[in-house]
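The chain below stands alone and is given in C-alpha cells; this is the form predicted on its own.
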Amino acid sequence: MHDIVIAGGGVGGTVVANLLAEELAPEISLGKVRIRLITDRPEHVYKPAFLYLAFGRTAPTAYRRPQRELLHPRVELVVDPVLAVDTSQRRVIGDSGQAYAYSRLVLAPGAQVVPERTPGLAEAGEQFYTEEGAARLYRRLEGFTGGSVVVSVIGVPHMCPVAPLEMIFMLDAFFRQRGRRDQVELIYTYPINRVHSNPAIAEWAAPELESRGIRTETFFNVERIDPQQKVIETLEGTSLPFDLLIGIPEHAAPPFLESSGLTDAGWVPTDRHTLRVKGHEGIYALGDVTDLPVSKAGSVAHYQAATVAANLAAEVRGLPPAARYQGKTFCFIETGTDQATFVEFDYDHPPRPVRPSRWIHWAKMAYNQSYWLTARGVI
C-alpha cells in the first residue's frame, strides 16, 4: 500500500492532497493508496488577508474555513502538530505521540516569524505576518495621530516578498484618507542597495515611493532596537528614531525540520525542478520551507503543488516522474487602497510590473474571495 503523508495544511499541502485524491481515485478505492494530511489546526487560514486585517478591511469569517471542508472526501485529515520526521523509519511523529507511517512524504508546513532573533523587535515593533500581529497593528494605526512610521525589512527571505511595499503604499493612502498624511513621516528601509531584492521590482518601486513622499533607506541592516528610546540601530553604525515601527521579522522553517535533519542553512534543500528533497528518498517539499530561489508566496506553493502531485501519482503507478516546476510566480501588489499592479515571472523571465489600476485592485479582491476554490484544487 502507498501511504502518502502531507505535513502542512496551507495552500500547498491542501492543493497537493486534493489533486492526488482526484487523480488516484481508482487506487484509493481499491485500497492501494491512502492520503493523509497532517496539520496543527482544524481551520485553514488565508494568510494574505492579514495585510487587510491591519487596516480593518477584513474579518476572521472572510479568511477562515474548516480544513475538512476544503479537502477531498478521500483525504484523511489529522489534526496533530508534527514534532519530528523519522526518515530512517519513514514515519511522522505527532504531538500526540502517534506515529504516521509514510512511503511518500510531502513537506508543506510553511514558515514562521521569529522576531526574537532581533534584539528589541518583539518589544518595540509591530508586524502583520500573523493574525495576532495584524490585529494589534490595526489598533495602533487607528490611534496613531502623527509622527514617524518606519516599515523596516529586517529578515530576508520572508513570506510574500512584495508585502512590505504593499504595506508602505497602503499606509500612505490610509493617512491621506484620514487627512493626517502631512503629520506622518513614512520611512521604508531595505537591507541591500535597492528597495527590493528583485531588480525589476526595485526599479519600478523606487519612483513610486518617491512620488508619494516616502523616504527610503537602503543598505540598512538592523542590528538591534532600543524599545525605551524607540531607536533602530544598524550594523552600518547608523540609527533611526521612530514613533511606530512595523518590522518584517526574520523567518524560519518550523523547528521539527531542523531537528529531523531535513534543513541546510535553515531551509529544506530542494531540487528546483522536481521538488524532491535532496538526500532523502521519497520526500518532496514545496512552499515557504524550500531553499529555492523563488518567492515565498502562496502562488508559488500553488504552482509547485501541481508538480508534486503529478510526480507522486506517476511514482505510485510505477511511471517516471516527469513533471517539472519552472519557477512560476504570480503576485499582486497593492499600491494604495484602490489600485494595484501585478508581476508574473519564472526562472528564466524577470517580472515586469504593469501600470497600477483600479481594475487590477479589484481583480485581487476577487481572487481573495475565490481563493477557496484554489485550495480545493479547482482553479
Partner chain sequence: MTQFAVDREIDARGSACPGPLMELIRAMKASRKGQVVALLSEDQGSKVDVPQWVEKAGHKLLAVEEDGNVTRFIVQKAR
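Please read these numbers as outputs of a predicted model, since none were measured by experiment. Numbering follows the first chain given and starts at 1.
Omitted here: the form predicted in complex with its partner chain. The next part is about that form.
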| task | Find the only residue in Glu126, Glu250, Glu166, Asp172 having a heavy atom within 4.5 Å of its partner chain in the model of the complex. | result | Glu250
| request: Find the only residue in Pro191, Gly282, Pro227, Pro81 having a heavy atom within 4.5 Å of its partner chain in the model of the complex. | output: Pro191
| note | Assert contact_stretch over 305-313, 253-261, 219-227, 99-107 against its partner chain in the model of the complex, heavy atom within 4.5 Å, equals 219-227
| said: Residue-level contact is defined here as any heavy atom of the residue lying within 4.5 Å of its partner chain in the model of the complex; does Ala200 satisfy this criterion? | reply: no
| field | Gly179: touches its partner chain in the model of the complex, heavy atom cutoff 4.5 angstroms | value | no
| Non-hydrogen atom contact Glu132 with its partner chain in the model of the complex at 4.5 angstroms | no
| message | Since only the chain is shown here, I'm wondering whether Asp86 would be in contact with its partner chain in the model of the complex (any heavy atom pair within 4.5 Å). | response | no
| request: May I ask you to list the residues of 229-256 that have any heavy atom within 4.5 angstroms of its partner chain in the model of the complex, in sequence order? | output: Leu235, Glu236, Gly237, Glu250
